[in-house]
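Take a look at this single chain, the form predicted on its own, given in structure tokens.
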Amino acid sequence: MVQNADPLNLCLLKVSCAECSLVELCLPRCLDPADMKQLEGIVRHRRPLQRGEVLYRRGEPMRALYAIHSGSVKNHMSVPGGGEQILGFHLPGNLLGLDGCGTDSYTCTATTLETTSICEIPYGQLESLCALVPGLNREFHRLLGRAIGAEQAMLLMLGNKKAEERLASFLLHLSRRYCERGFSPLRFNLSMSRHDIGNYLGLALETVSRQFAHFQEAGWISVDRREISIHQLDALKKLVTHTLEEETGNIA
């Protein structure tokens, strides 16, 4: 599971990009050592942000992309009536700020869900480097494509699934993402609240709580505060297979 940052973890921010275990997730994978060193030279390591701090706000000029080193972040935007809509949750290795590439300003707000360490990549310097380093521009277009694909998968989930399928899909998606980061796919912390999960999935808080209880009663998962243990991964997969695999391929 992802551990919160503490003073001892601050030394991790000094690790070079080439040595970082998350480099395969957040930075281009095909760069040779010399090109990676150039990219690493523009990366800035910010102070750790505490839970609830805003990384950037909707409408602000896009000045940088941000890679999560540890912790987690939610993207959200205000909706009529004073509420908010959560657009996504982001874990270590995720790159934030790509939504601003088309308009030169961020289209949503990014807020930390827990103590979070961020690597900042100034966008102006990145654009200049893309013009000098072969393949870098192509790789960042690949990252943009992945972001668009994630949004399409979200729309599919909200449009075609029942409540239990939405929550199962969400847990499976988190399981896969934690596995990609070298953590257990069967036991992890939910840094987001039940309310945030419901907001993201388009479900009422009561519905989310009821579905969690249903999964526990079935023996598929167990919940200890915010720690989730998945006991029957195949049962969750089976629940969503008829919609998810037919539309988007394998789920894990």
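Predicted model only: the values in this text are computed from it and were never measured. The first residue of the sequence shown is number 1, and the count goes up from there.
Keep in mind the form predicted in complex with another copy of the chain is missing from the figure; the text below concerns it.
Using a 4.5 Å cutoff between non-hydrogen atoms, Gln232 does not count as a contact of another copy of the chain in the model of the complex.
Mapping the unseen interface onto this chain, Ala147 counts among the residues with a heavy atom inside 4.5 Å of another copy of the chain in the model of the complex. Contact annotation for His141: at least one heavy atom lies within 4.5 Å of another copy of the chain in the model of the complex.
Remark: Glu114 does not count among the residues lining another copy of the chain in the model of the complex, judged by a heavy atom distance of 4.5 Å or less. Annotated contacts: Glu164, Ser193 and Ser222 are all free of another copy of the chain in the model of the complex [non-hydrogen atom within 4.5 angstroms]. Within 4.5 angstroms of another copy of the chain in the model of the complex, the stretch 115-137 places a non-hydrogen atom from each of Tyr123, Glu127, Cys130, Ala131, Asn137, taken in sequence order.
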